[in-house]
Ligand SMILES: Nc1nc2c(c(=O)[nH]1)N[C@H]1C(S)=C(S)[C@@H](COP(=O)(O)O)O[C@H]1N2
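One chain is shown next in structure tokens, namely the form predicted alone.
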Amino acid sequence: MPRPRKPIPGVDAKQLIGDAGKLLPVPSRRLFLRGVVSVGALASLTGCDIVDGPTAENSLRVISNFNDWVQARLFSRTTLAPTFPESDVMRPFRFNAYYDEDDAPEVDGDTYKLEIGGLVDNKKSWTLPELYKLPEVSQVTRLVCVEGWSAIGSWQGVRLSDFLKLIGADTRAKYVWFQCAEGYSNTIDMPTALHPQTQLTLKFDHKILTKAYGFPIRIRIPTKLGFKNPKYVTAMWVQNNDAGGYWENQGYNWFSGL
């Protein structure tokens, strides 16, 4: 027999589903709101009843996980984020972090080395002069912050897919994990790492990154929200385990694609 429904006090189940559908990327949102992806289908996918769950938070967690699942399957390495002319670049570019700009980490560029590990053939560390000698690509793309603002920036650096090839990374691995100087960390999926616009960024507006913009390295991913673009990167690991990330471990969407 089906379980009797136990409404969540103060929560309108239909409104909850409608609001949750707004979290999905546009193609899947249309299916969701048309009822093609029904509450029952979600229950089958997740093994949970999102309406009869013990709390609204748990219900939205199911939607969040489903959102990640859908976005990962809609993601295409051939679909590019919009690009813009240099005249559209925000100057000065907006600082973004969970701390004040004065608290951004100070990294000594003279002694800095990018640590490499995991499923790669060559685990040598890379100095900044070595990185600056690599073939440079440039992009003018929009950074979209989860807080609701966005800004167009000019970014120069090494295509991450090229760097992964250079170090002999096993691109059959599932993830690339980044550690940052201030303790931040982030994990991205391998298809995102191999996307042609995903960049190991060394410069902003054709000048070496300043402390405010993530010196010495930030990872620019214009197909994802800003918090998936780690700054002050000190280490990169290619691996099959999902190591999470600073915000993801606090409940933010893992995939967070645009």
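Being a predicted model, the structure only gives us computed values, none of them experimental. Residue positions are given as counts along the sequence shown, with the first one as 1.
Not pictured, yet referred to below: the form predicted together with this ligand.
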Whether residue 97 contacts this ligand in the predicted bound form should be assessed with a 4.5 Å heavy atom distance threshold; does it? yes
Spell out, yes or no, whether the shortest heavy atom distance between residue 182 and this ligand in the predicted bound form is within 4.5 Å. yes
Distance check, residue 216 to this ligand in the predicted bound form, heavy atom within 4.5 Å: no
Within 4.5 Å, heavy atoms only: does residue 145 come near this ligand in the predicted bound form? yes
Could you tell me which of 120 to 128, 161 to 169, 133 to 141, 87 to 95 sits within 4.5 Å of this ligand in the predicted bound form, going by non-hydrogen atoms? 87 to 95
Can you tell me which bits of 221 to 237 touch this ligand in the predicted bound form, meaning any heavy atom within 4.5 Å? 226, 227, 229, 230, 231, 232
